[in-house]
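The chain below stands alone, shown as structure tokens; this is the form predicted alone.
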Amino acid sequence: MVLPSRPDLEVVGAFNPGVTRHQDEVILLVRISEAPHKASSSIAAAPFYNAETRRLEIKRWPANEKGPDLSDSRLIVHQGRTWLTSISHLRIARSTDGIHFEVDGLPTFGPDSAYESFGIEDARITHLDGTYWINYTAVSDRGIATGLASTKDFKSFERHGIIFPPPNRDVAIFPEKIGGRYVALHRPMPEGLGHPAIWIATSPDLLSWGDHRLVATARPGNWDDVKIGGGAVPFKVRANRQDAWLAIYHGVTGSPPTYSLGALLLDQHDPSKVIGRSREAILRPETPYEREGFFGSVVFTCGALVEGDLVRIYYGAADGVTAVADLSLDGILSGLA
């Protein structure tokens, strides 16, 4: 059971964890989504972090014909302004076997600036030179951005601010330098012209990012024909007698949308070059807990662990719970085209 951070809140989701190994433990950084207890069906409520008071506060409206638009259960729209009905923070879960986890009773870290006033979500964890770098989605009325934090021990954390401005998410930092620079996949979200796609960027210091290039787009008529975005942190593989990077990503199809997972095989020295891509999804929403929930028909990953042929994918199901799937690396590679 995941405990709420305050007695006036309830946990409505624990999902989309980043994952890493630290010492003899498997560490998840789980997105914990909380909403205010419903005092009445006639009241709409939105939690938010007030950067001026440095407190989580709750804004309320009467839910009637003159009140806000509540047609989307995730949103409250009032007088041209959008609020969220829940707010997320990150919380550690620990395991010695990678399956059975103990979840901390309190948030590991949560919103801390005006750029995070609607919460922080979907952590990815990259281990580089003895430091764990944690990038996450920062949500506010200023847009959806990407923030960065770091730790060496998962006890104390340093915040490094926004590294990709809005609208951008699904960042995954590679676990080693390539050509002397740090490398990350990211997903801008164009409006009007263009479609959400996976891009790549490089950095000298993990803070300033440039050299942006397009990597992959949605494919008409395929399982990922509406939009695509990053997933787990890429990892090294041996394929076709050469080293390469494998990136697990998500693709969307249909209306209402279905989120599934696939893989990209990227060139070892220039990961902007795609040398293989899943013909079919490697994981689709099939079970009741994947097809029904806060946002149904979704499997979405922020982290995987790899050992030999085992690819253990930790993923969010229906934006409500965390699940795990064990896949064969050889099976994933044989499904690439």
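Throughout, we count residues from 1 along the sequence that is shown. The shown structure was predicted, so the numbers you read here are calculated from the model rather than taken from an experiment.
As for the form predicted in complex with a further copy of the same chain, it is not shown, yet the points below apply to it.
*Asks:* Is there a heavy atom of Thr82 no more than 4.5 Å from a heavy atom of a further copy of the same chain in the model of the complex?
*Replies:* Taking the distances in the model of the complex, the answer for Thr82 is yes, it comes within 4.5 Å of a further copy of the same chain.
*Asks:* With heavy atoms only and a cut-off of 4.5 Å, decide whether Pro256 touches a further copy of the same chain in the model of the complex.
*Replies:* Pro256 lies outside the contact set for a further copy of the same chain.
*Asks:* Any of the heavy atoms of Gly110 lying within 4.5 Å of a further copy of the same chain in the model of the complex?
*Replies:* Heavy-atom contact with a further copy of the same chain at 4.5 Å: absent for Gly110.
*Asks:* How about Val139 - does it come within 4.5 Å of a further copy of the same chain in the model of the complex, if we only consider non-hydrogen atoms?
*Replies:* Yes, Val139 sits close enough to a further copy of the same chain in the model of the complex that at least one of its heavy atoms falls within 4.5 Å.
*Asks:* Which one, Pro220, Gly105, Gly179, Gly194, lies within 4.5 Å of a further copy of the same chain in the model of the complex by heavy atoms?
*Replies:* None of the other options qualify; the answer is Gly194.
*Asks:* Quick one: of Trp245, Trp199, Phe101, Trp133, which gets a non-hydrogen atom within 4.5 angstroms of a further copy of the same chain in the model of the complex?
*Replies:* Flagged contact: Trp199.
*Asks:* If you check in the model of the complex, do Asp153, Phe157 and Tyr249 all have a non-hydrogen atom within 4.5 Å of a further copy of the same chain?
*Replies:* No: no residue has a heavy atom within 4.5 Å of the partner.
*Asks:* Please identify, from 86 to 94, 260 to 268, 229 to 237, 208 to 216, the stretch that has a heavy atom within 4.5 Å of a further copy of the same chain in the model of the complex.
*Replies:* Answer to the contact question: 208 to 216.
*Asks:* For the heavy atom contacts within 4.5 Å of a further copy of the same chain in the model of the complex, list the residues of 100 to 137 involved, in sequence order.
*Replies:* In sequence order, Tyr115, Phe118 come within 4.5 Å of the partner.
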